[in-house]
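Coming up is one lone chain in structure tokens, specifically the form predicted on its own.
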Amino acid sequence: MSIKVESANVSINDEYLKAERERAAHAYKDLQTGDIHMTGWVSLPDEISDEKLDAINAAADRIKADSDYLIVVGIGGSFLGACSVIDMLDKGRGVKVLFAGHGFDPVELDETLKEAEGGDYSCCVISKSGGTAEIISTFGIVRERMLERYGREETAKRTYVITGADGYLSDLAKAEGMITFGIPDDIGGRYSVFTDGGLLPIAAAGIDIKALIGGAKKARKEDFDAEDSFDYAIMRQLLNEGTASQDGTEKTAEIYEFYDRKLVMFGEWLKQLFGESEGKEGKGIIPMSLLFSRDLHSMGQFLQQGSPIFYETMIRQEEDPEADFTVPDFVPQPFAGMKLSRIERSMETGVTNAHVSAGTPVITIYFNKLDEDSVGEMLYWFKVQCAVSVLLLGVDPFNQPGVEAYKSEMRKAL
């Protein structure tokens, strides 16, 4: 197992921990048997054939041959997984992927279209239902622009539709002869990064999807056999109920903390994964994310001495980044002559020590490096930890009944 978990100011009775580990192992077994609904993602890495990956890569190659840009129209799980992977791994080997449809902001869409229209572009629209308001509204506008520029036949060749079996998008794709991919019925959006909807944009960006899936397969095979495999999932719930916090307070907020800008969208994916899976029946831990050292200058005071309602989950890369700089000698000591990576490592250690000294529970999750294998492993690992943790809480990790409330009110307003 290459993902390591450490904790400070988290205190759990040994007998209680043993019992919780047994419950967590049983929850993981339930996920694997398929007896719980919407668990198609659990075995998906082992079930994706080379032929499927080759078909996705072939479509990505067509996009790269035709286009400078790919506009991906999606919201929630239909874009956050792919967006986070592209931010972490993009090295400019494919098209530039632009994301739209995750809101109704006309200014943002205008800027996206102006950028794409600076070259040739294709569009990938992703919606399992085929009728999500943000997606079909945005896609309609993008398609109208494409029709004006490329005409009907060429627009169809440049449009990739990823949707369920029925609905508006499916009907349109059939009528126009657009290129289609599917979304399995038993996989929800926030767990869908390894489906066609995640993999096609990732492949179009020039990222090795076979290596990404290889990392997920490794996680599935190697990461959940040890006795302490689910301690992160367990600690979350025990901190939430106050059992594991040394001061006895209930920790109702989890703050994901990163030191690498490339992980910012990964934090957004985690917020959806845990927030939408867990926030039900008046229960759950609210997920937030911060980028250090930037946010230490806005939130550091609160983290050190603010209301003790939170714990911190620091996600740290063990391997130093490829790029580095040396601070010039004319800069005052102790920074002169130092590598930026060395200063950052010292800051990471200092922040952890300071917050631990203040009594804050701190969970630190280490991963190897930012490459396809490690990222694939990390994505799968967090999905399993989330599902197990939410099952321990006693709610359904895979539905989202509360989401319909705002949609219903929006329809009334319209």
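Everything quoted here is computed from the prediction, not taken from an experiment. Start at 1 and count along the sequence shown; that's the residue number.
Separately, the form predicted in complex with a further copy of the same chain exists; it is not shown, and the next lines address it.
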item	value
a further copy of the same chain in the predicted complex: contacting segment from 328-336, 196-204, 177-185, 226-234, heavy atom within 4.5 Å	328-336
All of Gly103, Leu113 and Gly350 within 4.5 Å of a further copy of the same chain in the predicted complex, heavy atom check	yes
Of Leu98, Ile141, Met314, Met88, the one that lies within 4.5 Å of a further copy of the same chain in the predicted complex (heavy atoms)	Ile141
In the predicted complex, the one of Ser129, Thr243, Gln272, Ser170 near a further copy of the same chain [non-hydrogen atom within 4.5 angstroms]	Gln272
Contact label in the predicted complex: Met288 to a further copy of the same chain, heavy atom within 4.5 Å	yes
4.5 Å heavy atom contact, Glu276 and a further copy of the same chain in the predicted complex	yes
Close approach of Glu6 to a further copy of the same chain in the predicted complex, 4.5 Å, heavy atom	no
is_contact(Val403, a further copy of the same chain) in the predicted complex, heavy atom dist at most 4.5 Å	yes
Within 120-136, the residues that have a heavy atom no more than 4.5 Å from a further copy of the same chain in the predicted complex	Thr132, Ala133, Glu134, Ile136
